[in-house]
Every structure is written in C-alpha cells, then in structure tokens.
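We give structure tokens for two forms of one protein chain below, kept apart as structure 1 and structure 2.
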Structure 1
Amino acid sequence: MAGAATASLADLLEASARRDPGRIAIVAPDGRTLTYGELDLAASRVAGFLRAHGVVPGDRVGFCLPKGLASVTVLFGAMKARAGYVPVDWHGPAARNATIHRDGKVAALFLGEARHDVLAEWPAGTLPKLLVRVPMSATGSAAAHANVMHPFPLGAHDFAAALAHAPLAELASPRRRDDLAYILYTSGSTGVPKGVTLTHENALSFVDWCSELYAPTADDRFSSHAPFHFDLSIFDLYVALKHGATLHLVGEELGKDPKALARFAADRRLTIWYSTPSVLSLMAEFGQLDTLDLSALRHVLFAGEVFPVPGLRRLTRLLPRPRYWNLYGPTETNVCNYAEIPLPVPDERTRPYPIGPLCSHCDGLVLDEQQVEVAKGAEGLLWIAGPSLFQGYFGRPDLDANVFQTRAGRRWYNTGDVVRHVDGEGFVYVGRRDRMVKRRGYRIELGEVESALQRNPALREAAVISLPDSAAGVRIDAHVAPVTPPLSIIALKKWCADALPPYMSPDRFVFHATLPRTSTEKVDYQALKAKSSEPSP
C-alpha cells in the first residue's frame, strides 16, 4: 500500500503495477483494456519520449483527447516525467481550448486527430514545440471516427512514436510532493478561463482521505464518469488505481445517455459510482433502474452542485442498497466537506441536505466580509486551509490576491460560498454573493458568458443573469440589445455554441432596444431579473 514514501500520483500506479501487473487497470469506452503492467510501461514510454524532446520537470503537457486509453497514458506519462498535465474538454470550442493551452504555456500538446480544428486557433509560429497527433483509432474512445489523415503541421509527431520510445530511465532528481501535478481550468469572470494549479501533495492528501473513508479494494470496479478536465476525475483515477481496482471509463457519448449509462453500470457490475447529481437525476428519471441489477453498487458519491431532494428521493427509492455521499468542495481545495445521506429520504423533506463536517485533512472558518469569524450558526463565507489547498491561478497573482489570506502563518482560501455551521449537521450551503453559478456540476462565471455575447458584432449590448429553476436548478437568461432588430435566437445560440461549452449557453434570450441602466449608468441587473421573472408572453 502507498505509504509515507509516496511522492507522486505516478507512484500510486507504479506500486499497484508492482503488486499485480496482470490485473486490469482500465477498461476503455471501446472495450479495450490495459493491465497495470501495460499502463505503467506505456506511461514510462511517453515519459521517455517527453524527456527526449526537451520536456523538463515543472513543464506543462496539454492534451485534447477523448476519454480513453491514450488520455490516461498521456496524463501518467506527463507525471512520470515530473511535468503537470493540462486537460481540456474534448468537445470544447476550438478557440477556448487553444486559449487554455496557450495560457498554460504547454511545452507539449497531444491532440486527437478529429480536433485538428484547434490548430487553426494558434497564431502562426506559436504552437508548442512538441506537437503529437493522436489518430482516433489510437485514442481508445468509443466514438466512430473515420480515420482520415488531417493536415498537421510539418514536424508533428505521431502518438505511435511516443508509445515506441524507450521508457524513461531512473530520474536524475527524485519526484517531490510539491511538484506540479495538473492544472484544471475553470470559468473566469472576465471571459478568460483560469488555471487552478495543483501539486501531488494537494491530490494525495485528498486521495488518502478517500482511502480511509471508503476502504476500497482491488476487487472494486469504479466508474469514471467525469471528464479529465473536471476535478471529480481525481477521485476516479487515483483512488481506483492506488488500490489496484479497475476503472471503467465512460465515453463522452455514453455519459450523456442516461438509459445506456444505467445499463453500463449494471453490465459492468460497478461497485463505486461518482458523478454530479444531474447525471444521477437523469438516470433515476430515464434510466429504467427498476429493470436493472445494480446490486454490486456499494457507494454512490455525488458532488459539483446541490442535489434537489425530489431527484435524490427518487434515486434512493429505486436503489436503496448503496450508501450515498454528498461531497462538497471547489476545484481549488478538492473535497473539503462530506455528508452521508441517511436513508430513507423522508416524503416531506424539501430542504437540500447539508454539506456536512470538514474532511479530516481540511480546516474551515466561517468569516464575514471583514474577515471576522461569525457567531456559530450565522451566515458567512467558508474559508479552507490544509494540504489539499491549490497553489494559485496559473500566471495570475492578481487573482490569487483576491482569494488567499494568511492567518497565524497559515494560508487560507476563500471559497466564495456562503455557509452556516449548524450543530449536528456540520455545514449548510446557503449560496453565493458573486456572479458564479453551477450547472451540471460545472462552474459558470456569468461574466464569461457575457463577454462571449459582447463579442458578437450583431449585438450592441449584452448582460446575463441567473434565476432559480425548479427543474434544472439554475436557468441562465441573456438580455441583449441587437444592432438591427429582429435578431434570430437560433443565430445567437449558434454563436454561443461556437464560443462556449454547451453548459454555459443561455437558456433564454430577452431582447431590448437598450439595456436598463442604474443612475450610475451601470447595467441594472435587478431590473433584468424582474423582467426575466415575468411570465412568458
């Protein structure tokens, strides 16, 4: 078992590979598998390839790949070479993906061939010096792609060359727990995503806490629903592989189909499931769970957003056997609070469940706007300290200054989430005071949506608000003033689809001649909310 000697997430894989190299580590969406021994060797080859092409410790290795054997191999290869990985949304807009990899100053980029459109978003001469083309047949994803050779720049390497390279030999300098492990980009309020920078120490402190609470074994079968740019994937990848269990990757298409997803969980006899509440709600509603044998399931974990009680009640009635866990924490800290849901969920309950007590590796404070501790039970902002706390936003000390605070020699992070500490329940989530909302587990800065719309030449003005929605949790309304009315909503949706990930696209568009303004000439968001709350014509 990984103990005090563990310095890196890559050590977890290597220890499991030494214990039982023939055991299946990964089952890819296309059904192909990698044993621990195979994955470890393939990742060592990628690491050798990276080093031979000038990637040094602390560098960033970007990838834009579907869920599959290639993406898992690349992320471990990067970490074996003591570089950090920078994943992006496989289906994300080309311009946004290129922006993220440019911001992270990646030294290498592994690009799935079907996303060659991303290349056009890099100005001439700015592409990373090491560009690796990954043919779709080599990604291990389930998506049916014609394996056409797309024009890649001269000098691009083929993934086969990385997999055939001599494995990285003994490292000249040992791995360190404070080495960069990965950078996960989340929505930024000014329109530019921000890179949450995390070390091996940050991830391992969380992984070790999970080991204690869930006591997984090599016989467990984990789901891997979250994409690798989403921090729920940290649990899936590293808790599963630390314990020699098998990780069942859920491909992008399957992940969106609740009926097929439920069948997948039953067919694979999964024992540990982790996803957002919205995925579980959809499975309860559309998954025909009553017709399936899901008796192997021991733990169902959810995080990323509040689980509306009706959906949770429906799910736990259909599947009463597993234990259910509400996990809470921003990407910046990973999970810092947890609560087991006591079953059954009573008929009369409408209030969402608390986020619970702090994890044993985290400390928390509830402070007011002046950073003074509030009385117990009062509302305040949740601040977190501990070994899982991120290093900062990559290359953005200006943003760091807003969220970090040193108190008595310790670094604390302001989550921006308003909570109350209640006896017997731990922490109760209240809401937010800024313009960040969560949808399907993803963070959305309304400012990023606004900024995408403001770039549309057909619009004179644009402002975006969120409203509570009984079905979806949150609804996003865009208020826009076209240059020349009338403007087609379909054209606006297409613009958003090209500029933003699907979960950020506004649900409704409301047209104005000019946007309402306050006396100080700022957009009057209160007036927009009132307008949005009017019944539809």
Structure 2
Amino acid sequence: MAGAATASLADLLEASARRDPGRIAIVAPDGRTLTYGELDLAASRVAGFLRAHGVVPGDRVGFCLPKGLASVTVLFGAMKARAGYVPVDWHGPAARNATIHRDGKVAALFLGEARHDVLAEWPAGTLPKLLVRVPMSATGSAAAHANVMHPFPLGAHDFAAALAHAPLAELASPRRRDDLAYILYTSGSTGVPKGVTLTHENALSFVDWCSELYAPTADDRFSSHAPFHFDLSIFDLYVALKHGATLHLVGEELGKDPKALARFAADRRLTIWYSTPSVLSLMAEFGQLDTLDLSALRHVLFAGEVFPVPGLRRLTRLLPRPRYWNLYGPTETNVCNYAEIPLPVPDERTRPYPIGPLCSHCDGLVLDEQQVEVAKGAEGLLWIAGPSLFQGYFGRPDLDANVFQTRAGRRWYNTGDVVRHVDGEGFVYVGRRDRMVKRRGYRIELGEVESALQRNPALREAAVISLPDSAAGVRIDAHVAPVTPPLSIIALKKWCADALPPYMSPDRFVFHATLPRTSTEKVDYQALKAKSSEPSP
C-alpha cells in the first residue's frame, strides 16, 4: 500500500520522476513521448501558471482536449495546484460540454482550438476567469484537424505561456488526501449530466488495491483506451504512472478501428489492457488476432457492461495466455467487485460470469426496497461503503439524498444495481433497478431479455429498450446486430420463445450493422429509444 507521504495522485508522478526521470512515461497517439522528468516539469509549470492566475486549492480546472500530451499535462498540473480537473468528451456536443463546465464552475478552461464552437454556448460574461487556447499541434493527438488559430476572446492565454511559466513553488499548505482530485460527469436515466465528485483518497484506495492484485512493474506497457472523462481511465493513468510503467494513449479514431487497434496492441507489445467488453469483442471478431503476436499481454481487464459469453469465449480462445478480469463498479465507487475468469470458457456456458467478491477496500450490503438486508442468495440492491466512495454529486444535494444513507456511522451508497450473492461465486449481477418494467402484470428485467438475445450465436450485439404502449402499458423493442445479415425475424422469435417466457419476448426487432455507442463505448440507449420512436417504414 502507499505510504503516508502519498497524499495526492500527483505524488505518484513525482515519485516515479525522482526514481527514473529519463524513463518514457507517455506515448501519445501521434508517437511523440514524454519522459517522467519532462511530464513532471511540464505539469509543475502548468500548476505555477494556474496559481499565478488565481486558481486556488479546491477550484476546478476544465479541459476539452483530445487525448494526448497536453491533456495529461493539464490534469496533473491541476492536481499539483491542489485543484480538481473536469474533463469532457472531445467529440461531444458543444452545448453539453459547456453545460458541464458551467455546472462544475470551472475557474480555468483549457480548450483545443478546434473546439472553438464550445465558446458560443457560454452566455455573455460567464466564461471562466482563465481561458487557455491549446493549438492542435501541442496536443499529441493523431486527429486530423486544420491547425488554424481561431479567434478566442480577448484576454485568452496560449498554452505555450503555461508551459513556459516558472514551476510551482512549494505550496503554503500541503496536499491532502481529502482534496478534490477530479469530477467525472455521467448521464443519468434522464440524460442530464451529473458531476461525480472524487477525492485523492477515493482514487488512491483503488490504485493501491490494483497495485496489490496486478503487481505492475516499470517494465509494463499499459493501454489507455478509455477517454479521460470515463472512469476506466483512472486505472490506466495512475496505476501505470505509480509504478514507472509506460502508458500508450489510444486516440479516438484508432479506438474505433478493431483491426488497427489489435495491430497497435501487438506492435507496442502491450502487457496490460483495460477496456469495455464491446471493444474486445470487436477485436476478437475483426482484429485478425490469430495473425498477430500478442504474447506480451499478461492481464486483460474489462468493465462497463456485461461481456456476452460467446464474445468472451472467442477472445480467450484466440488469446489464451493472459489472465482475464471482470471488474464491476459505477463511477461513484470506481471498481468495487472483481472476478478472474477461469479458462477455458466451456462450450456449454451461456450465463455471463459473476461480478465476484468485493474488493478488499470496499464493503457491501444487499438490501430490499425497504433497506432491509435480504437473505443470502436473494435478489436486492447493492449498497457500497469504503474509502473509494465518492463525496457526492457536485452541487446536487437533492440527488445525494436519494442515494446515500448512514448505517452505524458509515456512509453507504445505493448503486441502483440488483444483485444476488452466490456461494463460491460472489455477487451475480441481475440488472439495473431503473431497467425493470411491468407488462401485463409481470415484472420484467430488460437485462434478462438482453442476456437471452446475447446468447444467440447469430447475433453480434443485442440491446433492449422499453417504450410506453397504450395496449400493454409497455412495449419492448430489441435492437440487434446480426453476425451475418440478413437474419429473419421468425428465427429471432423462435429463439426468444425457447429462451424466455412469452410475456418477456420482444414485441419488435430493429436491425443495425452495429449498435450505437456513447463516447465511453457503452450502448447508447438514448439513441436506441430515439430510433424506436421513429415511424415504422
């Protein structure tokens, strides 16, 4: 575990820079690199620049940048100044990104010049007190953007000025583990962003647990597939840099090309990989993994959604050497459950693997709707406590009141996920509470319908949504992507008739080449609902 001196995520970078300043810390999407010494100095200069322009401990520093050298430098610079960072989706809608940064009341905003459109979404006179323009040439992104200096408001600063500033001097007050580290914005069921506020203590407890379980070394080469506004990035960034390893940033364009992504993993001799199951499934199907040398891989981690067993079986047969880990946890807890996948995956297995026992730094309870602990093996809502538990939703005490409770002097968080505990397996994920519907008097978990469809070998992907219906109360639409189109609706209906009771069978099937995904590679259920609401052809 980290020693008492580790009070901040920035301390992890500084310790690695002292040990070996010449070791490569970051490899950007365009191939440029930063050593530990270079990254530490650049972040210290950004921190000095922030403090000189009025950013104080507890402030928020926003950035809208592609994944690259500039974004890593900014987030560490913010934390060195004892501020928290607030990242947004580089490709996200301008209005949404501006809404997030306004909601987070950012004191400073680092904005890539190609996203000048974000500025138009700020009401007049409300821009952050410190606005920094970052030219695309400084980002280290492989994205093809015209490097045109768009007109920024008078008083905006250039990123070069931040990198040329004197490094931050010793802070008057030391860093604290309960300082704000970052705010990650997630969409609730309504699609309205909410800011998950996390401290250094929250993140370090997770990083320390990962260090014990995966025993990384300075010789490891980590992938960084997740964008920085997605909680999977916390593992990539801080576990890698704590141990002096090299982090290989995956740009947004590369991240969506399974064949190129597989070659990237082979060419970079990556040893530790972490992404959503959908990314791994596409790599297994289209990445020609059997033609590549991926023997360096020793750990493959996945999280964010259920991994359908057919895709997991295909992947592990193509790459049988690594150890595979199913990690579970909402952004509010980071990872709180984990399970190693025993190999090989049997031919007869159809059920998704469990989310497993609790991590050593987390405690859990399974409670019913009246917040009474259920009998062992019964279904209930998973509540989590422990040092990784977030502080609350930024500026939203109304939301906090709905998800927290105090029991025996401890704060507990309602994940909203329905689980049951099975001896020998740990926790089994059943589904989301907010994805349970009632139709014709029956309670239906949409995740169970999805799971039945995902077991169909003719389908690459399947997702299920519900819509109001005047006759049945609820209509169930199944959105599917066949392995080899066309696929007949009759065949799908027969599959559902064999796998589900009649009241759970979908009313309608909607076909896609691939299912729409959010910027964090999860199924975009809002887009599916919009598609289902369109008039039938």
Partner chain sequence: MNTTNKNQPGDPSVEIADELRRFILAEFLPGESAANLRDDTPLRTGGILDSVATLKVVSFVEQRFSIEVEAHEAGVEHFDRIADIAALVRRKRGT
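So that the term is clear: the rigid core is the largest set of C-alpha atoms that superpose within 1.5 Å between two forms. Quick caveat, the model's predicted, so the values are computed rather than measured. By convention here, residues take numbers in order along the sequence of structure 1, the first being 1.
Structure 1 derives from the form predicted in complex with the partner chain, whereas structure 2 comes from the other one. For the motion between the two structures, G48 lies in the same rigid part as M79.
Of the two rigid parts of this chain, the smaller turns against the larger by 145 degrees between the two structures, per C-alpha superposition. The rigid core superposition between the two structures gives a CA shift for L528 of 13.1 Å.
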